[in-house]
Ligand SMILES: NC(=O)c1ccc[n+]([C@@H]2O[C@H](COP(=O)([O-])OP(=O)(O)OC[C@H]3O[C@@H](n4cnc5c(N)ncnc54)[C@H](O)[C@@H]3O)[C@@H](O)[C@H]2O)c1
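In structure tokens, one chain follows: the form predicted alone.
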């Protein structure tokens, strides 16, 4: 199992399109300057946190111009504009309404880094305006929104990259290589865990006036009208069903995606077994679940996903991770390391697989941005398509729905887009948008 990150970089730089891997060589390694004809003009919607991180990863490549920023919060918008000016010597136009921003003709691609409940509408608007899209995960905040986003991407034939960046880095590409070449034997089980303190939600605070400079009605958008509460705003919005799916979707989309990738699964699950509850002893500002055990039976293996918010430790002394369990070895991964633990054959008195260890892993946001930029130029398919994003999102959405309606087992018919054993669950497939916003029709 000898392989190094250096070998991966060399090969991917030469043959990335041929082998399905992405080059992780920044463009500035090859050339100090980029011709004006090769410049890509990007805009960002949602500048507070992850969205701005995504923008910076794109701006790390010399051919990228940031020509527009959009955010409903003046403080955030002005802060990020100053950072773009100071760090990258660029002066984007500023907007509080993304629809106005999309009238700017020179935008080639849009990064969507808003809360999840906005992803679908914004992506559709961008596609209709002829823009390529990098949309953060989970791709949509509901099953039907994900369906719409897949159909819209197909209709408009634009490049869409979903922000499941683990598909672009060396470490997980290496993990998939070891699985798919049989190095760990037949894959029997994938055990996933995520234990993070933040998943219990923040301490409860009362409603308060809308902060100065915030267009709160636009922030809510299609979500129900509610009084302003700091816990439903920057950072902690994901703990409420109107805007996100809690720890189950926040980390689950990334981690479950790796289990699906191991067998190249791009469909929703047929069956999901779920336990979900709030067992943290202190009451917090949260609707989502802090404790879940989820099982996804597949044709020839099983994926298990366990999460316990409020903790920072887990199996293999890792707060989060994935164990790919094969006949010949168990391979344990997170974003920093990959270790294969071979089984011992008592008959032959030798290991059933080669030992392997890689400890130089890192975040792969920059590589994911590189793949998106390359696909904008080549019009090739990016590494994380809307179909891949939908599959990962539906796995966690269905588990959340099961826990919300109290159904330990949900059966899903993907062709009919419905649950076959729960009408209560069927009521949560499609969100109800607050007027004047309406769910796109695709």
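Positions refer to the first chain, counted from 1. All values reported here derive from a predicted model rather than from experimental measurement.
Only in words, not in the display: the form predicted in complex with the named molecule, which the text now covers.
Novice: Of 263-271, 180-188, 229-237, 83-91, which is the one stretch near the named molecule in the model of the complex, taking non-hydrogen atoms within 4.5 angstroms as near?
Specialist: The contacting stretch is 229-237.
Novice: Can you work out whether residue 114 and the named molecule are in contact in the model of the complex, taking contact to mean some heavy atom pair no more than 4.5 Å apart?
Specialist: Yes, residue 114 lies within 4.5 Å of the named molecule in the model of the complex.
Novice: Is there a heavy atom of residue 205 lying 4.5 Å or less from a heavy atom of the named molecule in the model of the complex?
Specialist: Because no heavy atom of residue 205 falls inside 4.5 Å of the named molecule in the model of the complex, the answer is no.
Novice: Residue 339 versus the named molecule, in the model of the complex: is there a non-hydrogen atom within 4.5 Å?
Specialist: No, residue 339 sits far enough from the named molecule in the model of the complex that none of its heavy atoms falls within 4.5 Å.
Novice: Residue-level question: is residue 286 within 4.5 Å of the named molecule in the model of the complex, judged on heavy atoms?
Specialist: Result no; residue 286 lies far from the named molecule in the model of the complex.
Novice: Quick one: from 250, 290, 367, 257, grab the residue that has a heavy atom within 4.5 Å of the named molecule in the model of the complex.
Specialist: The residue from 250, 290, 367, 257 that makes the contact is 250.
Novice: Using a 4.5 Å heavy atom cutoff, which residues in 42-74 contact the named molecule in the model of the complex? It's fine if the answer is none.
Specialist: Contacts from 42-74: 45, 46, 47, 48, 49, 50, 51, 70, 71, 72, 73.
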